[in-house]
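Heads up, the chain below is alone and in the form predicted on its own; it's given as structure tokens.
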């Protein structure tokens, strides 16, 4: 596993002062089951690169682990990827090789510690077995890095095997060196599910120490903490409690106020109605805008009519659930070719949203702030322009039938608004007329006198030019 860190700061060799490693010296440090080599492929005033190369002994790794294997296959302990993607070893190597720089110490040139420099970081090869590219971007993008990824095939001679879980990661941006090293130290092992060391209370201290100043404000702090600590509940709760201090942390997601059985029944009816409209439209390609856990996508995959199915959601956490629900890693190649999921927002113009016969937008718009509705309308109806759009949203009038709901309460804590039937139809007609669509409205679920059905649906059909 190789990490290179480059800068064009002037003079670029200031990097060697920060790292306390002379460019003319080749150095080696001992690890528990291997070695790490430090050298400078390039060092001038205009450009300086330092490399950290891991040389892991897989036989020693097995001998020193004390484990007998899980019986998956006889040579599993010896046939593994650790010499190439030893993520946890890389963090250990970073802390040993560059501890002074990571701690923000530079006695000879202390002014360099807080100097923001342009950096390019390359990591070869990095595994992301659960989450892939979406997860990598979710972890690094919020920190301000420009992220470039190259995913590797399992075997170029057997292309039918498909893509692997391994990536070459390239990051660039302007940072303090100590921040770059801390980010990598925490996030590399958070991406991988394998760690060579025992995860105990001391790892909580390391996480909080290296995450100081940035982890608390990271939108994926909970996921990073869980993955770094291998999902161990007690350690995760301890770390998050200390990280967030007086802030409220609730491990459970908000749930709909409707009774569970009613919710499941209504949700199934809703998806079934949407599916029927998509089939009736004659669409071959469908995009599920706000796909969530992928329940509609799972239904779409069973229909041979749809040869291209795409899911997009703003929440990476939901996309992870969708990947697991759909068993993406184990999906047959032909089935996998029909499907794509990616992260994106429906309030920003995105080329990936174009070119579909139909779009499903199921219980999404009520999660948007009202002042973002105009942006949503332009993105979907003006720019993406699918021939058919099937859109559903709750009917607020029906809320009066839920005994546990108070007046003016919404069905979900994340809802920004809920429309009556007249409000929804007024909005739908206005959007249709403005963007060249025809629209019809249908109820979803059992209708009740005076208040209608629990959910409502609009089917927009684009008029021919």
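Positions refer to the first chain, counted from 1. The model shown is predicted, which means the values in this text are computed figures rather than measured ones.
What comes next is about the form predicted in complex with S-adenosyl-L-homocysteine (SAH), which is not displayed.
Heavy atoms of no residue among 357, 382 and 438 are located within 4.5 Å of S-adenosyl-L-homocysteine (SAH) in the predicted complex. Only one of 367 to 375, 140 to 148, 279 to 287, 231 to 239 lies within 4.5 Å of S-adenosyl-L-homocysteine (SAH) in the predicted complex by heavy atoms, and it is 367 to 375. A single residue from the set 315, 100, 164, 172 has any heavy atom within 4.5 angstroms of S-adenosyl-L-homocysteine (SAH) in the predicted complex; that residue is 315. Checked against S-adenosyl-L-homocysteine (SAH) in the predicted complex, the candidates 271, 117, 190, 339 yield a single residue with a heavy atom inside 4.5 Å, and that residue is 271.
When contacts are judged by a 4.5 Å heavy atom cut-off, residue 90 does not count as touching S-adenosyl-L-homocysteine (SAH) in the predicted complex. Proximity of residue 292 to S-adenosyl-L-homocysteine (SAH) in the predicted complex: non-hydrogen atoms within 4.5 Å are present.
For residue 345, a non-hydrogen atom is located within 4.5 Å of S-adenosyl-L-homocysteine (SAH) in the predicted complex, even though that partner is not displayed. Though the partner is left out of this view, residue 183 does not reach within 4.5 Å of S-adenosyl-L-homocysteine (SAH) in the predicted complex, counting heavy atoms only. Within 4.5 angstroms of S-adenosyl-L-homocysteine (SAH) in the predicted complex, the stretch 154 to 175 places no non-hydrogen atom at all. Relative to this form, in the predicted complex the C-alpha atoms of residue 237 and residue 293 approach one another by 3 angstroms or more.
Relative to this conformation, an increase of 3 Å or more in the Cα-Cα distance between residue 317 and residue 164 is found in the predicted complex.
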